[in-house]
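Shown here is one chain on its own, the form predicted on its own, set out as structure tokens.
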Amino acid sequence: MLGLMQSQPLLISNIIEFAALYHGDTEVVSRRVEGDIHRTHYADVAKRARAVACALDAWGLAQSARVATLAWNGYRHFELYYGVSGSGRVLHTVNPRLHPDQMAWIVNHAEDEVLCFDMTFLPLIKAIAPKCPTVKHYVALCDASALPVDHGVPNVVAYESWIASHQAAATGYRWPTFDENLASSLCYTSGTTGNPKGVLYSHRSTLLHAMASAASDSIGVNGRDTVLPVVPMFHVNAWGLPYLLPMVGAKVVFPGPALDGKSIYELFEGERVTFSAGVPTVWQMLLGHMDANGLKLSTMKRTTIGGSACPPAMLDAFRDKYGVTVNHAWGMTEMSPLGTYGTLKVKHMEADWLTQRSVLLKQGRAVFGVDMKIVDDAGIELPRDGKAYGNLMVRGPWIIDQYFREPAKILDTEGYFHTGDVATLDPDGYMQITDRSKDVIKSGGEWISSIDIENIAMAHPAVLMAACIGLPHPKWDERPVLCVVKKPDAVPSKEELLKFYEGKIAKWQVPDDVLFVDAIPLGATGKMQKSKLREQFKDYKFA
């Protein structure tokens, strides 16, 4: 017997229309590429998104045609999120931090027909346009007056002129209704090895992900929050925040291209931000700016850190100096991306800080909808005792089934996806990443977590950044070596840093050497690229 309930498709257009109707006057603030602060609200975002849909209709774009964006976090990009997907096309966010050749490859693989770009990226567009034959139209996200006469881009139109000519039609526009399983957006992995892979999200998966994110034991923002998404909209759809925030009616503050500590701090204080989300490298710049200038945070309450593990010293600094709660989140492009969120359980609330801290330093518990397990290399499930570590496997309604245009099977017999992470699961369900499978250090038959070694190093007052890599050893297969970027004016010695590990980990896990470097290479999403460090030091010889 089937239930007797209405069957309404879960469509992305529903979100922005809900926001326009029930939170229409809630602000959407953007620091623009032009340098000024722009203010609008959800009602106007919905109106302009409908104009985008009409403009795409006028170009005759078919359902599921791909529309690419090369843009920062801002209101125009936000409007495209809804105008493109809401009209039945596929929004393809392109990461501008990739190499131009890789960008062109992605645009061609996706067969994008339209490419919308911020003026910051005009030189990039000029470089890749000749290599992108499928792109029929280019849209510069600016006023017509800001588009140079000698722009050098074929078939380009200024965004404001483009949608202005369709405002009248947008007034009576009705979003189309279609199967909720229709593709809505496309993101590519960062492609650290080989070509990037496409992950194609659906309307259904996107809405379910947003609703799961809204839960109070998850990201849990609401209409009384002011949220600044530091995580870029070109990185896994800004972790789903462009869908979550209008769904709950939160005020949005888009930072644009300026992600330095000073710029972020000014927006935090000026707009009275209560919640933000981003990777550790951005928070490092913010903390450095506040420390150097004796600044405090007046309204900020919580931040979510993902992309890489939050160093314990960073969690402590946010809590002890600035009164900000840090929650870990973990996921990946193939998961839309949210898989776990780190909040305390009732039994932890009366515990001392060190106990709570040990829980918060884990990557959190699975949000409802995500199933998780850890297995050994033979695929045998391992116990959830917080000690056994194995390959992390996931499944759920917003997790990939197969890569775009790659028919190869990627799931196990039970429908689980291999994340490439090595992790533990404890009896309360908390997951802790011990390493990426490609970065774990195998020494004398034992595994050493590079993350544990890095976290200890980051607590040293002279260390700005640290990365631990395994290098070939004639006796032990591999041994850990610590690469360190010193803080300005700091002069730590190798001996001092190695002594810092005493009593914190087993002696055999202590790095064999410390190598001081000018910088740690970062990938397109802000993660450390240890593969490049291993290549840099491939000829290293242990003493």
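Owing to the predicted nature of the structure, the values given are computational and were not obtained by experimental measurement. Start at 1 and count along the sequence shown; that's the residue number.
One more form of this protein should be noted, the form predicted together with adenosine monophosphate (AMP), which is absent from this view; the next part is about it.
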Checklist line | Triplet R32, G74 and A104 all within 4.5 Å of adenosine monophosphate (AMP) in the model of the complex via a heavy atom | finding: no
Check: Just to confirm, R97 within 4.5 Å of adenosine monophosphate (AMP) in the model of the complex by heavy atoms?
Finding: no
Next item on the list: Give a yes or no for G306: in the model of the complex, does one of its heavy atoms lie within 4.5 Å of a heavy atom belonging to adenosine monophosphate (AMP)?
Entry: yes
Note to self: Please determine whether P255 contacts adenosine monophosphate (AMP) in the model of the complex, using a 4.5 Å cut-off between heavy atoms.
What the structure shows: no
Notebook entry, point to check: Would K321 count as a contact of adenosine monophosphate (AMP) in the model of the complex, using a 4.5 angstroms cut-off between non-hydrogen atoms?
Noted result: no
Note to self: Within 4.5 Å, heavy atoms only, one stretch in 221-229, 370-378, 413-421, 166-174 touches adenosine monophosphate (AMP) in the model of the complex. Which?
What the structure shows: 413-421
Notebook entry, point to check: Which one of I264, M465, M332, I128 is close to adenosine monophosphate (AMP) in the model of the complex, taking close to mean a heavy atom within 4.5 Å?
Noted result: M332
Next item on the list: Counting non-hydrogen atoms within 4.5 angstroms of adenosine monophosphate (AMP) in the model of the complex, say which of L80, L115, L241, V236 makes the cut.
Entry: V236
Notebook entry, point to check: Which of the residues spanning 416-442 lie within 4.5 Å of adenosine monophosphate (AMP) in the model of the complex, based on heavy atoms?
Noted result: T419, D421, I433, R436, K438, K442
Next item on the list: Since the C-alpha distance between E478 and P312 changes by 3 Å or more in the model of the complex, give its direction relative to the shown form: closer or farther.
Entry: closer
Note to self: Can you confirm the direction of the Cα distance change for P312 and D439 in the model of the complex, closer or farther than in this form, given it is 3 Å or more?
What the structure shows: farther
